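Before any questions on how it binds or moves, here is one chain, the form predicted on its own, in structure tokens.
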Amino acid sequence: MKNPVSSLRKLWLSAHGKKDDTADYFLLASVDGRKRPHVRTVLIKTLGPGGIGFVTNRTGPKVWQFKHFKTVEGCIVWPKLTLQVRVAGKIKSMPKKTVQKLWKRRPREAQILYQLGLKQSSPIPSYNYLLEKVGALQKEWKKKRKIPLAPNYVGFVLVPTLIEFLHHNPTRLNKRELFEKKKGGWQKKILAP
């Protein structure tokens, strides 16, 4: 059976084509050292045969979670396609070249934020503190054309082993297709709504 990640990519491009504001939103769940789940939204930056790619801050708690518990699960909801997609699999590091390309596409202000070296999810004195720090670095680097790649900017790829497409139906007769990767390739099952 063909790789359902190809279908997922086509749907992602279709969501973009329909101007779905949530096209890149990926609700990603991982677990901490106490096996407590943590869910957050990451933005899909790449989607191809290898999986779903996203970037994050190396200092954040999810990076520790990925290193210790490589299996994660996520959910994509595309309202304009009336579709929900669940994806589970293993996390691996994104190639450095891809990370560098994605860095160049980041808005300048977002690049400057990474250069502050703040530990993601750690407490800061106030939101104004953050604005002041970013503003000061913007002034300092005003004449700098390119902001160098921050050492804490990293990328990951979720390599799927399970993908479920749930096509919403107003009657609740939802069509659910489950694809699981086995030794012989992908296997498809239809699930009850």
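Owing to the predicted nature of the structure, the values given are computational and were not obtained by experimental measurement. Just count from 1 along the sequence shown to find any residue number.
Not pictured, yet referred to below: the form predicted in complex with a small molecule.
Stretch 34-42 is the contacting one of 140-148, 161-169, 127-135, 34-42, since its residues have non-hydrogen atoms within 4.5 Å of the small molecule in the predicted bound form.
Of the heavy atoms in T98, none are within 4.5 Å of the small molecule in the predicted bound form. Taking the partner from elsewhere, S93 is found to have every heavy atom lying beyond 4.5 Å of the small molecule in the predicted bound form. Under a 4.5 angstroms non-hydrogen atom cutoff, the small molecule in the predicted bound form lacks G50 among its neighbouring residues. Taking the partner from elsewhere, Q120 is found to have a heavy atom lying within 4.5 Å of the small molecule in the predicted bound form.
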